[in-house]
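Shown next as structure tokens: one chain only, the form predicted on its own.
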Amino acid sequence: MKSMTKDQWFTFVDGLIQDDTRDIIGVQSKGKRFHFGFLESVQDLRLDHDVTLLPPKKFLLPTHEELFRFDISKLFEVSCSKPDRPQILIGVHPYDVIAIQQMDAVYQNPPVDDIYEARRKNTLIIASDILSIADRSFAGSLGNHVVTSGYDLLVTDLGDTVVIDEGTTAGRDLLKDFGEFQEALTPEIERVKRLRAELPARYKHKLKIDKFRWTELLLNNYTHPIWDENARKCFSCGTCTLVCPTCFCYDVDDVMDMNMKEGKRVRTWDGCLLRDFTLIGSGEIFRRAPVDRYRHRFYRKGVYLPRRFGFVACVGCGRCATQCLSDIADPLNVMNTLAASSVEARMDLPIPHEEPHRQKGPVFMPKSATIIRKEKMTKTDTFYEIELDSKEPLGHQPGQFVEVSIFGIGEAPISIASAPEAGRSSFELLVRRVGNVTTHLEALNVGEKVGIRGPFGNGFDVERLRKRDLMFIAGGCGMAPMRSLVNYVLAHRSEFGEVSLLYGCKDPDSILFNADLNVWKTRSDIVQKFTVDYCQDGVCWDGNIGVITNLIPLVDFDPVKTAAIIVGPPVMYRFVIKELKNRGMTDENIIVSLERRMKCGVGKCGHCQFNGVYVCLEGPVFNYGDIKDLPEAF
């Protein structure tokens, strides 16, 4: 450890400020509170702060950041955003250091967020030991009042002297380049040890249960009355997630410049407490009830992220408790209540052990592609054949999806409707007009450009389906990803057993892929049954009228040998699955493809998460047996 006199410390920080190669960000006073801001004078730096209004995560994952720029006046022009200046964060408390380490684990876990990673590599952290304890903090109960890694330098302000621990080579070099120091004396080191050892006793608030038991406690209390009681007081304002150092979710939008020719794609903070966080294009919200959103926040911290990454995603800073008007956001109060009145109704919330598709290269940068065929199928559905301008094959599997970009409008996830074919450079999409992106996509013509990211997610495991009888059950535009698998199976027909297709739509005019259906009707090796909810007057229809479950008894199948693949609107699943199970089919023989708001496609933004599962990573295709007990799945 090194030490500096106060004058040497001031000279060191002043040297960093005067150096024009980095931004220097430190803790400063803001009225009676504190915040991280750009330092203009060493006199503004405060190391005696209790807690800052916002965590330092905003300098690694900014509240509003540019991902790339585009020019819509040209055919397809995208440019990477300029890299940020190197920066140094001064005064980061141990609990915020730990939060940054957790954010590193999320964003640098494959597929790596290259923009975050570049900024992280350009950032040095000068942490500081805690001198003043925030009123609502309970970092001492979590062991987050001290830290042994995650910083470049760690300083302890002892009043007359500053003791410095070198955490990395970069920190050591910083000291050598800008500071005058001496080896810390034994009495100075002992003072630092005493300060840290005495911290836990100074906290007013203490947990009644060890953080390593949070997961077990929450799993036993999914139905505890505290969720409803507190949710009734919740404004769903999202403040708790905005001030939290371990909430990392975001949204992405396009913003046009004043000239309406150039623009940028931007990432902004988002939060799971907001009502529209899980809203999809068709209008469905998957955590509509406030109680579901309120509970999700705590389970993300205490169950979902611990199971995925091994850490409890709460550092005990107390920011959420301080800012919540209803005083229901404090994890300490919630966990202490559960510990004192556990209902012990055990629930397991497993994450399916599927290796997610790994996206390579920049995760946000779309590839240039051209529409080479377009066909109107219904009033709201349009078929597209698209080719990457590189002429490379997309490399997808049946059931995967891509993110389609229209610059200036945004990006939307679209299921791939074509089967992979060797040597083919194009792929097909079925797009339903339900939002801004799909509405503007409908207006594009053959020869115009779109951006493509992907393919993403896990598709249908065709290897596990080989030699088995298959029952395809599709509803509405679920026929698009189903078509990809059906055509794959028919192209390799000898490798599969008996095949049947059950397809239901709202009315005869809503039926998709009529050309394919007519071709399949000529084949004797696939049984097809169709139904519509109703048939308009004057429309010729010789199929069934009624819900799709009416078709299942019309097919003779062995529930032991048959795999049922279900794709359709969310409301359809529970009824179809119930009917299949009534016919003796086991959970493991049922395969589903789920729809969620897959905004980023790489498991970072959080919008598609249900319980601990990211649909864009572990899905969208799941074995029903793996997710049947997850309350948010269906």
Partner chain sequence: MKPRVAVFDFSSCEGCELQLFNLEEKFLDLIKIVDVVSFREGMKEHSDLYDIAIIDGSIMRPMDAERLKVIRKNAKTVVAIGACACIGGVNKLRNQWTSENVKREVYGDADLEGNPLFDVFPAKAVDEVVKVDYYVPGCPIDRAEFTKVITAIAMGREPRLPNYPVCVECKLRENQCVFELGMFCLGPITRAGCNAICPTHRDGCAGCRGFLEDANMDALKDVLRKYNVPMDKWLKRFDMFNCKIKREK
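As the structure is a computational prediction, the values presented were derived from the model and not from experiment. Positions refer to the first chain, counted from 1.
The form predicted in complex with its partner chain is left out here; the points below concern that form.
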Handout entry: its partner chain contact at Met260 in the predicted complex, heavy atom, 4.5 Å
Key = yes
Practice task
State yes or no: in the predicted complex, is some non-hydrogen atom of Phe36 no more than 4.5 angstroms from a non-hydrogen atom of its partner chain?
Solution key: yes
Problem - Touches its partner chain in the predicted complex: Glu180 (any heavy atom, 4.5 Å) - result: no
Problem - Heavy atom of Thr239 within 4.5 Å of its partner chain in the predicted complex - result: yes
Exercise for the section: Choose one stretch from 407-415, 89-97, 161-169, 75-83: the one whose residues place a heavy atom within 4.5 angstroms of its partner chain in the predicted complex. Expected result: 407-415
Completion exercise
The listed residue (Asn109, Thr223, Asn436, Gln536) that reaches within 4.5 Å of its partner chain in the predicted complex by any heavy atom is Asn436
Problem - Heavy atom within 4.5 Å of its partner chain in the predicted complex - residue from Arg432, Lys374, Arg120, His440 - result: His440
Exercise for the section: Indicate whether the candidate residues Met256, Leu279 and Ser326 are all in contact with its partner chain in the predicted complex, with contact defined as any heavy atom within 4.5 Å. Expected result: yes
Practice task
Select from 208-242 the residues with a non-hydrogen atom within 4.5 Å of its partner chain in the predicted complex and write them out in sequence order.
Solution key: Ala231, Arg232, Lys233, Cys234, Phe235, Ser236, Cys237, Thr239, Leu242
